[in-house]
Every structure is written in structure tokens, then in C-alpha cells.
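The form predicted on its own is given below as one chain in C-alpha cells.
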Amino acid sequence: MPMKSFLRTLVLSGGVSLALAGPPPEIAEPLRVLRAVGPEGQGNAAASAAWKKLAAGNASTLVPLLVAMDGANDYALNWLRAAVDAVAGRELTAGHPLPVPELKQFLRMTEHNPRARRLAFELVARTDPATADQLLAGMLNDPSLELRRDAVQKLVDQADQAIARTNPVVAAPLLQSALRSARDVTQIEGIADKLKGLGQPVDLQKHFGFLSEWKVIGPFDNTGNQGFETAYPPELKIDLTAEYDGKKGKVRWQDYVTTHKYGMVDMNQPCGKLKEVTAYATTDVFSNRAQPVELRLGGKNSWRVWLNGKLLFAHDEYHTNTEIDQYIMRAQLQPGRNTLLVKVCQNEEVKEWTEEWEFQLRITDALGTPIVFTRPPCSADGQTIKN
């Protein structure tokens, strides 16, 4: 990032603008060197020398160090964070104040690097915990997932206190608000458990936005794991009226609706509990506009995913752990109808823990917020109009 891009304008609460000039001259060159560090030790020797100069700075260099994290690669980010920690630790040990007003203003500028903003928050919390606690109240929808998680946890803690006082009337709305803003899977599950205990169960499938209605066809052959690379007819054209030769005879598209709370599409149900097979699932989503999205898939089998006929990603590995949002694919929805196709392969292993032949898929924005899709247009007789 050019040094001139350090120029920022921070809008204070009274409407006064505070301009952050470029970094102090004595750290401009070390910052440039540190930001040039690359993989496999590229530039590490020079970066180490530059880091020593930056780590020797004082409180006035903290915000420039944080700004330098904008656009930096992961290697440079680690060096810069270490420099911030070294400067802040030394200043606090010496009894010197940190620049809390400037850190607060940096924190409020959401376009900055999320890790840098999280670090700024930690610095504020170390020197002024009350101010940090107040800031959390405005971070329930923060683009930094770490800051958002802390803000959500604040509500959960308040709800726990209300539950301890046997006051569910206060606790339930706090948990509902926390659930709306939560994006961390573990945190969401914890909140859902608390709400269930209060008699307000959560539809996790709906909350996460898992796609539940599919058309499924299979099984096709995957002997010797050759099916992963074999382009069976559904890859060439999705014809929901077609019939094909499968591994066990003729195969046709079947309706499949998952009721699993985490949206698992279990191919064993429509296709049979088989080994060395592959199958396909397809569904349409209707978007009211062109928009960038993330397709988030979880599953322990080999798979491929297409959107509107374009292959987005392929993963050829079997029986790994399964997690929500395990694989994230960036894509672009077109206005109107968008067609998804998922290919899922099963291998030859027959141990009990290899029986799963399934996947889960949801479509979100960059923060994991589920996309709400429009209903497909219908004719007078209720039939879907294809577009």
C-alpha cells in the first residue's frame, strides 16, 4: 500500500474532522519493508530489522501501525501485530497512556482491516474497560466477526444473569436479539439451546438458511473412484424429465426435502446405502438482483459444485470431518433463476464411520448472513414459470 494511502479522515462525534497524516518519517521505511515480507521467508531478514525499529516506537505510532495492516498479507499482519503488542506493552508498563480517542475513531471506521480493528478494541479494553464495554453495544452488526461475536456475547451474558434471577421475560428478548446478530456457529448453537430451555425452540435450518428442497438422481458408478472425473449426463445438461443408465439400473430425478436441522442432504435415503457410487442434487434459487454471494458447503465426501453451468469448485477427499461452512466458494448470482448442481461421491470403505454420503449447502453474504430469495414466478395454474 503506498504511503499516501495512510491519509485518513476520521469524523468525530461533534462533526469535526481529524486527519490522520502519513506515518511518522522514522517509521515510514520500516513499514514499507515489513509490508513487503512474503512466503517462505522472503524478506524475513529485512523485516526482522524493520520490526525492531517499529517495536521501539511509542504510543503515537500505534494508530499508524494499525492503519498499515490495511491490505497487508498474512505474513506482514503477523509482524505488525507483534509490533503493536510490543509498543503497547512497553508503554503500559511504563505507566504511559495509550491514545484512546484515536483508537476509538480508528475502531469506528469499519473499512479498516478487521484484525486491526479487533486489535484496536483490545488496546482500548486494556486501558479503559468501561469505554470498551460501551463500544460493544454498537457492534452487533459489525463487519468484523470477532467484534460482532464479543457484542453478541455481551447480550448472552446479560441473558444468563436474567436466567439466574429466574427472569425469562427479560432473558428471552436478549437471546433473540443475540441470535439475530450471531454468525459464529458455536455461539448460535449455544443461544439456541438457551432459548429451547425457555420454551422458544429455534429452527436452525431456517436460521442458517440451508437449502432444503432438491431434485436428486443416482446412483452412478464410482468404482475405483473414477466417478469423480466422469461427466455423467446431469453434468452436461439438467433435464428433470430424463432417464439414464445408473449403476443399479435406470435412474430418474426424485424430489428430496431434508428435515435435518443442519440441512444435510443424505444421498443414502433416495439412492440406497451403497458404496463406490456418485449422485447429483440440483435446485433453483431466484434472486431479485445480480449480487455477489458465498456458497458455503459442509460434507465429508468428494464433491463438485456448479452454478448456472459453471464449475465453482471441486474437492476430491473422503471421510473428513464435517463442519458448517467447511468450504466457502465465492460466486455471482444473476437476476432471476439460478441453478445449482452438486455432485457427491462415495468410496469403497465399509467401516461404520464411512457410511455418510451427504452434504449441506447454504448461500450467504460475506459475513455468513443467509440470502433471502424471492419466490419463483408462477402462472395462473400455479406452475413455475421457467426463465
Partner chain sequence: MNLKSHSVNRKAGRVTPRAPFGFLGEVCGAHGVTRPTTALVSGSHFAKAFHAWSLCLLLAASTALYGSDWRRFRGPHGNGAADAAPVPAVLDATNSIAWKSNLPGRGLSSPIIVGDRVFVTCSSGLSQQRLHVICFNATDGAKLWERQFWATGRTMCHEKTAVAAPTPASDGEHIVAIFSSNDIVCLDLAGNLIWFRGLGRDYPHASNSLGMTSSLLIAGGVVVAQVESQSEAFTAGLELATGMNRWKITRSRGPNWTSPVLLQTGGAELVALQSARGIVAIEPATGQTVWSYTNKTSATPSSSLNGSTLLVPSQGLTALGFGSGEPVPKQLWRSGQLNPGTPSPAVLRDKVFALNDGGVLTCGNAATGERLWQLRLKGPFSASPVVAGQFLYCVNEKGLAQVVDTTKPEGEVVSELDLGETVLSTPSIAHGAIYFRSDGRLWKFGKS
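Take the two forms, superpose them, and find the largest set of C-alpha atoms that agree within 1.5 Å; that set is the rigid core. The structure displayed is predicted, hence computed values, not measured ones. Residue numbers count along the first chain shown, from 1.
The same protein also exists as the form predicted together with the partner chain; that form is not shown, yet it is the one meant from here on.
Undergrad: Only one of 314, 130, 170, 240 comes within 4.5 Å of the partner chain in the predicted complex by heavy atoms, so just point that one out.
TA: Comparing distances to the partner chain in the predicted complex, the residue within 4.5 Å is 314.
Undergrad: Exactly one residue in 339, 60, 332, 42 has a non-hydrogen atom within 4.5 Å of the partner chain in the predicted complex; which is it?
TA: By the 4.5 Å heavy-atom cutoff, the listed residue in contact is 42.
Undergrad: I need the one stretch from 153 to 161, 97 to 105, 111 to 119, 254 to 262 whose residues put non-hydrogen atoms within 4.5 angstroms of the partner chain in the predicted complex.
TA: Looking at the other structure, the answer is 111 to 119.
Undergrad: Indicate whether residue 86 is a 4.5 Å heavy atom neighbour of the partner chain in the predicted complex.
TA: Looking in the predicted complex, residue contacts with the partner chain include residue 86, since a heavy atom lies within 4.5 Å.
Undergrad: In the predicted complex, does residue 294 come within 4.5 Å of the partner chain, counting heavy atoms only?
TA: The answer is no: residue 294 has no heavy atom within 4.5 Å of the partner chain.
Undergrad: Does residue 236 reach the partner chain in the predicted complex, with heavy atoms at most 4.5 Å apart?
TA: No, residue 236 stays farther than 4.5 Å from the partner chain in the predicted complex.
Undergrad: Does any part of residue 77 reach within 4.5 Å of the partner chain in the predicted complex? Heavy atoms only, please.
TA: Yes, residue 77 sits close enough to the partner chain in the predicted complex that at least one of its heavy atoms falls within 4.5 Å.
Undergrad: Just give me the residues of 294 to 328, first to last, that have a heavy atom within 4.5 Å of the partner chain in the predicted complex.
TA: Stretch hits, in order: 313, 314, 315, 316, 317, 318, 320, 321, 322, 323, 326, 327.
Undergrad: So with the core overlaid, does the Cα of residue 319 end up 2 Å or more away between this form and the one not shown?
TA: It does not, since the residue 319 C-alpha is displaced less than 2 Å between this form and the one not shown after the core fit.
Undergrad: After a rigid core superposition, would you say the CA of residue 253 moves by 2 angstroms or more between this form and the one not shown, or not?
TA: It does not, since the residue 253 C-alpha is displaced less than 2 Å between this form and the one not shown after the core fit.
Undergrad: I want to check residue 55: does it shift between this form and the one not shown by 2 Å or more at the Cα, with the core superposed?
TA: Comparing the forms between this form and the one not shown, which are aligned on their rigid core, residue 55 does shift its C-alpha by 2 Å or more.
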